[in-house]
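Just one chain follows, in the form predicted alone, and it is written as structure tokens.
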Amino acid sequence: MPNTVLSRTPFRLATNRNADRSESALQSLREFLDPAFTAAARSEIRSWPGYAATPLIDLTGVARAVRVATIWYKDEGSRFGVGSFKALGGGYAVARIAARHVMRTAGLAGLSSLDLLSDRYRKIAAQATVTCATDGNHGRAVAWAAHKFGCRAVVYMASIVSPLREQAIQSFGAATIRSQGTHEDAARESREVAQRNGWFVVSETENASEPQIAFDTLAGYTTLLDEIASQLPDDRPPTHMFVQAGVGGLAATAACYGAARWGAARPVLIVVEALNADCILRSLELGEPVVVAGELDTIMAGLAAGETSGYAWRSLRVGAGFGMSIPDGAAVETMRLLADAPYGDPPVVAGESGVAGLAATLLAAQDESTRELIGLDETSRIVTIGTEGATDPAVYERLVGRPPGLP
């Protein structure tokens, strides 16, 4: 029996009734995010000042405790000083919006992100306004990129966004508007105002002002997946990936990247959500998109979405193996586990949404029936993505019991 690393709290697991590992499914996943298109996005992001690959941490001690070969944790807490993986997606989308606006206005045939960093095009770029809805991290990334590449930003926030996360968004010069409802309510308000004012909605969903913006966002996410592939020993693919989801963009990108990189050897993808915001799990269970209504009450604010992106669903419908939803308590325990490092692994500072994939991994690995269902054993090599650091230090201190970084 594996050790009980986390409390044995209830979670949900659903098998994707449409999961397909055939060659035709592989090809559809490759075509959804064209490898040449995503490679160009990664090349541009890597040219930005301050770019550095984030660490892939080998949690050897924890892996041994739950009887698997390896658990890797991709720590996105240092990404561009923004604190989360969203700097790659929303950041790249904003850069391309600014570039396309300058090209149209100035009659240019091409323009890179680096061109925008000079003063030459700042006045033209400033004519473009980007907007988005956020539970915190996406808005911060959009505000950061708008400041960097010269746009104006207006960020609509769900009611659960903490004051410190709002201040972080405002620190980049963005205007913030707080919705009284959910992420979906904030997204609707953002979209309506953008349509009236000619603004650009930055989203990985159909809410984006144009499909290109959504696909630019997903292409940016492939940067971290490509880093993971290069950081794995001997370029051996993992057997499993546990990837958390709000509307599903990162998880869908993982499905597409895995198909393009590893083909038939791609890892089993488990999509992880909060128990009270499990629209993807229910969709995988039913075989068609399901909307979860209500307050979506969870401390994992980045996962508080009631409806999956249509773009993401096209990939997850065949590319996800399972859906899993976890309780808030498991996330808090995992934050403390990473901070305390009781199994001899390096201490890690991680936010409450950032640990969801790892928390699901540990819950699954210490449950015998789940191990059997999803194929975990002593040879399993598992990748998890720590999507955020302590993006709200006050929340982190309240949940972990000490400020980020203190022993």
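Note that this is a predicted model, so its numbers are computed, not measured. Position 1 is the first residue in the sequence shown; the rest follow in order.
What follows is about the form predicted together with a small molecule, which we do not show.
Inset, instruction - Specify the contacting stretch among 302 to 310, 254 to 262, 152 to 160, 323 to 331, defined as having any heavy atom within 4.5 Å of the small molecule in the model of the complex. - result: In the other structure, the partner sits against 302 to 310.
Inset, instruction - Answer yes if any heavy atom of L250 is within 4.5 Å of a heavy atom of the small molecule in the model of the complex; otherwise answer no. - result: The answer is yes: L250 has a heavy atom within 4.5 Å of the small molecule.
Inset, instruction - Determine whether any heavy atom of A146 comes within 4.5 Å of a heavy atom of the small molecule in the model of the complex, and answer yes or no. - result: No - in the model of the complex, heavy atoms of A146 and the small molecule never come within 4.5 Å of each other.
Legend entry - Any non-hydrogen atom of G89 within 4.5 angstroms of the small molecule in the model of the complex: Flag for G89 set to no.
Inset, instruction - Check whether A245 has any heavy atom within 4.5 Å of a heavy atom of the small molecule in the model of the complex, and answer yes or no. - result: Flag for A245 set to yes.
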